[in-house]
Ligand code: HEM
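Below you'll find only one chain, the form predicted alone, shown as structure tokens.
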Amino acid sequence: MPNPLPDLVDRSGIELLVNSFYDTVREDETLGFIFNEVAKVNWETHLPKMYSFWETVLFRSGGYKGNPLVAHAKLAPLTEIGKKQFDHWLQLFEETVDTHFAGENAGHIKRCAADMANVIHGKINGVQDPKFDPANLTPEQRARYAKYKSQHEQES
């Protein structure tokens, strides 16, 4: 049976996604205060910027101008924005996509969001490679990593 949800195919879909997502975020117990009280987001200017951001990510329209890393880094000294917050942000984003859309572009935007959440979290929290957590390695992987790291430190 075909999925009754449309795929993300244009700016109007991006606007629906962004508006729905931020409606949820503003009311969210974990994230709402970060946006509303810490960042004091001006929603009239932020939402159109996010439309352009996601349209650029998904359709390569080139309309977004800005630096999301800098915007998030400014918040790091003001509030907790660690892995828990980024993971929760991503969960809400993916749920919003899944509520409204299905298809190749819907899947792509979720993967892009996951990559961005990992990169931004890693950069502002000093995690060298957010996809790599040494705590999750097997003993064999730890041994290989230690050997690799030792070799590269000697080359530097």
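Note that residue numbering begins at 1 and tracks the sequence as displayed. Bear in mind that the values here come from a model prediction, so they are computed numbers and not experimental data.
What comes next is about the form predicted in complex with the ligand, which is not displayed.
For the options Arg26, His46, Lys123, His100, the residue carrying a heavy atom within 4.5 angstroms of the ligand in the predicted bound form is His46.
The ligand in the predicted bound form is not approached by Gly63, whose heavy atoms all lie more than 4.5 angstroms from it. For Leu58, no non-hydrogen atom is located within 4.5 Å of the ligand in the predicted bound form, even though that partner is not displayed. Proximity of Asn67 to the ligand in the predicted bound form falls within the 4.5 Å heavy atom cutoff.
Taking the partner from the other structure, the ligand in the predicted bound form has no heavy atom within 4.5 Å of any heavy atom of Ala73. Along 70 to 100, residues Ala71, His72, Leu75, Ile81, Gln85, Phe86, Trp89 each place a heavy atom within 4.5 Å of the ligand in the predicted bound form.
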